[in-house]
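Given next, in structure tokens, is a single chain: the form predicted on its own.
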Amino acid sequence: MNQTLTKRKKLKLESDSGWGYAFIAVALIAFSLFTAYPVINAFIISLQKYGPLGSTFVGMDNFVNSFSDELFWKALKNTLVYTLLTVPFNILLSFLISILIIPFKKKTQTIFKALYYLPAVASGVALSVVWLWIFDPLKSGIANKLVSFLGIENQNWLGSSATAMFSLVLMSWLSSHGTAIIIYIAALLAIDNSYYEAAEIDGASFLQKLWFIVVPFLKPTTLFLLVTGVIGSFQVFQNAYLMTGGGPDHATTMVGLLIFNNAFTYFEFGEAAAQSLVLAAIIGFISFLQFKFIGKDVEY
């Protein structure tokens, strides 16, 4: 009798396990085809002088060439500067906007969320065209019209090394908050009102409730936005490609744009693959540091 029950339990367990593997099979196949295979293939290509008619094994030469290339280090520096200037400010601004939206009624919140999220739905190319119009170097450009009120002369925003990077940063500041705002509002709505009521009984001010209740509760959300924001900014390509092409004098050449140019302009596929792996390692290391030092007391 006991043996029969044991066999039945074993068969049921095996059946459940089989269904479990069946349900995740699609995700595993998709991961293998679109993530694991490209990464493995990129590593193989990085060890070769890759060409359409044949490839030659060159070992670590592509990595050595990348690390000895001044443009690669300049692109890394540009990417790091862009990340430091955009990610923290965007998170802070998204948080402040979410705090301002949350007191409104649900319908009004929905209107604001839709307005802020609209740029994320719109085509990146269309947005870049609009910003090219804003940064028009002529007097008709909106940016030049605005600075003229301050007594500043016309600026060649995208054509000058002094202002090109700032122009891309300003574009990010003013057009990339929709997703973060929606996530922050969802997190704010999840905070139990009893915490605010207890704080009010103790005579806490608005700033005290914000610092001792809202900020701690939103720490997991902030960490998520910080990690994904850094990953996204290190992979930035579209803005630099469409707005400046990496110029002038490579002042806005990001690592993603450099990899693209090496692969599809100069056909140095091996070097591009090596640089993409280096970029992936840098992103992974920074993400590890973020989780280690910022996320050590975060509960999920």
Partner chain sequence: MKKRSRGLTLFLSGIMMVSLLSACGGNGNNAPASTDSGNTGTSNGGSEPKKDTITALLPPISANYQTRFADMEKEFNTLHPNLTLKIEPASWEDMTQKLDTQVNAGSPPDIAFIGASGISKYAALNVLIDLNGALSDEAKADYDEVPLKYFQLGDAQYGLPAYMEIHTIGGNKQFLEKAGIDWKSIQQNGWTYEEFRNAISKGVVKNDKGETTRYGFVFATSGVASKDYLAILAKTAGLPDYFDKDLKYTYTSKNFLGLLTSIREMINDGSMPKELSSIDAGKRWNMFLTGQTMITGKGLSAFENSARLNNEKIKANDGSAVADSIEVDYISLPVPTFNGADYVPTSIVDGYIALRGKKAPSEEHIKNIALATNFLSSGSIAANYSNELFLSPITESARNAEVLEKFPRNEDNVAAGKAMMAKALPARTDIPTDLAAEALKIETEVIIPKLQALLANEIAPQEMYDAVKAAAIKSFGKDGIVVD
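The shown structure was predicted, so the numbers you read here are calculated from the model rather than taken from an experiment. Positions refer to the first chain, counted from 1.
The following text describes the form predicted in complex with the partner chain, which does not appear among the structures shown.
Kindly indicate whether 88, 193 and 219 are, all three, within 4.5 angstroms of the partner chain in the predicted bound form, using heavy atoms.
Checking in the predicted bound form: none of 88, 193 and 219 is within 4.5 Å of the partner chain.
Counting only non-hydrogen atoms, choose the one of 56 to 64, 228 to 236, 257 to 265, 36 to 44 that falls within 4.5 Å of the partner chain in the predicted bound form.
That would be 257 to 265.
Which pick from 71, 198, 186, 142 sits with a heavy atom within 4.5 Å of the partner chain in the predicted bound form?
After the contact test, the surviving option is 71.
Is residue 158 close to the partner chain in the predicted bound form, meaning a heavy atom pair under 4.5 Å apart or at it?
Yes, residue 158 sits close enough to the partner chain in the predicted bound form that at least one of its heavy atoms falls within 4.5 Å.
Consider residue 109 of the chain shown here, and say whether it contacts the partner chain in the predicted bound form, taking contact as heavy atoms within 4.5 Å.
So residue 109 does not count as contacting the partner chain.
Please determine whether residue 154 contacts the partner chain in the predicted bound form, using a 4.5 Å cut-off between heavy atoms.
Looking in the predicted bound form, residue contacts with the partner chain include residue 154, since a heavy atom lies within 4.5 Å.
Does the partner chain get within 4.5 angstroms of any non-hydrogen atom of residue 100 in the predicted bound form?
Output for residue 100 is no: heavy atoms all beyond 4.5 Å of the partner chain.
Only counting heavy atoms and a 4.5 Å limit, does any residue of 119 to 149 reach the partner chain in the predicted bound form, and if so which ones?
Heavy-atom contacts to the partner chain in the predicted bound form: 136, 137, 138, 139, 140.
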